[in-house]
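Next up: just one chain, as structure tokens, the form predicted alone.
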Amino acid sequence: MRQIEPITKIPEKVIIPLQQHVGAENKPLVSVGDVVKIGQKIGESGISPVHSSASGKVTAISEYPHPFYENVLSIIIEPDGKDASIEFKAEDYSQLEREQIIGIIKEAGVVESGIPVHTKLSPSDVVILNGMDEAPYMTLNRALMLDFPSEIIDGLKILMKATGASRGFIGIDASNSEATNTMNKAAVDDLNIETVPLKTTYVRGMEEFFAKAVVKREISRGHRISNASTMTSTVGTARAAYDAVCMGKPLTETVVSVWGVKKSQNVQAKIGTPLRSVIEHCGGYKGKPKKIVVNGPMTGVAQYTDEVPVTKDVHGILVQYKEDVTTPEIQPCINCAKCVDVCPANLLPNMLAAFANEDRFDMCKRYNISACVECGKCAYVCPSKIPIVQLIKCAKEWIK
């Protein structure tokens, strides 16, 4: 049974933000009135292009709400329902040189957490894929591994060839035996690829800790990779690399875990689809929504409208209602040190929050605020309900 359901209904409009990566905003390559096809490059800056996910007419190029930024310049397309596509050029990655693979991934606009993936493909000894999920709300990695195991393995091989890595690992939740068995079967013919069971979830910003956990695990099993340089990625990126190289397809769709609707599920949505259309596909709201969070409760971002579009980095939509959301009164810090205990970067979040709240940014720098990965664990366990991550983010922005 397939875990991911494609959204087949074409939305009334598709909104393609020109800013979908860290760095200079893309410049539009089309004008109002132009007719575009699926896969056509419509924005370029020399860093990571954006492509049309629908065929139809460009009706506007204007500022539009974005799930992670303020209003950004976006290309609005009115789909014509024809699904006309450019011709995709597939390649045999085994016949390609490293530079050619990197070039294809760049042109496909593959992005991970805002970072163009081609910029991460520096020489490495090991490539590690994150197959962990922020359960129960984010289950897309499990769904991807069950639905596209061979594509992910080929994508991992592509990333290994692009970095020159001799070994590849996939970190999977130790309790997720079905995904582990599926991936092991897909990689059975390649002795250089292994799955690694892990018990801790590693969210955005924790790539370094994830890599260390996998490497440490492999050392304990007798492998000598303690001094290896590593490149970390996700199973979703591996699949996107496969699509780019083996299918010739740019990144125009993404898998999204949708939770808190009438039918919680994993869907494959076109880049530019409004959140409202994704939620309607899943049966709609269960009542009047109180909050819509993109990308899970730990590191996600609350939205002020469901008209914001799905972008390359939208992987989850969590809808919460009045009974799900409380606004507790913030209490003084009681110095319980729970935030210190859970901090993966071994920082003092309580001190950083206190200094940030007092605008003592010199002390924030002294206490190494830049090492904070903003995972949200400190705020989650804080009994005083202090918005630690929010304070740290504000301080980091001021310092920058």
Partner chain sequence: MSIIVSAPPHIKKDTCTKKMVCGMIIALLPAVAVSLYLFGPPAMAIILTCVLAAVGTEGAIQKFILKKAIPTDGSAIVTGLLLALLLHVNVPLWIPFIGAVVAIAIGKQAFGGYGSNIFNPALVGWAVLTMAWPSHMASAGVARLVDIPPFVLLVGAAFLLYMGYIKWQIPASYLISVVFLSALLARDASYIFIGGFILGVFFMATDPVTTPLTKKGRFIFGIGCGILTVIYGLYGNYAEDVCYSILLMNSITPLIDRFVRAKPFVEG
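Because the structure is a prediction, the values reported are computed rather than measured. Positions refer to the first chain, counted from 1. Superpose the two forms; the largest set of C-alphas matching within 1.5 Å is the rigid core.
Another form exists, predicted together with its partner chain; not displayed. Remarks below refer to it.
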In the predicted complex, segment of 50-58, 65-73, 33-41, 371-379 with a heavy atom within 4.5 Å of its partner chain = 371-379
Among 136, 212 and 298, does every residue place a heavy atom within 4.5 Å of its partner chain in the predicted complex?
-> yes
Contact label in the predicted complex: residue 194 to its partner chain, heavy atom within 4.5 Å = no
Report whether the minimum heavy atom distance between residue 351 and its partner chain in the predicted complex is within 4.5 Å.
-> yes
Contact between residue 389 and its partner chain in the predicted complex at 4.5 Å, heavy atoms?
-> yes
So in the predicted complex, does residue 91 come within 4.5 Å of its partner chain, heavy atom to heavy atom?
-> no
264, 303, 85, 181: which sits within 4.5 Å of its partner chain in the predicted complex by any heavy atom?
-> 303
In sequence order, which positions of 310-328 have a non-hydrogen atom within 4.5 Å of its partner chain in the predicted complex?
-> 320, 325
Per-residue C-alpha change between the shown form and the other one, residue 329, threshold 2 Å, rigid core fit | yes
Note yes or no: does the Cα of residue 31 move by 2 Å or more between the shown form and the other one after the core is superposed?
-> no
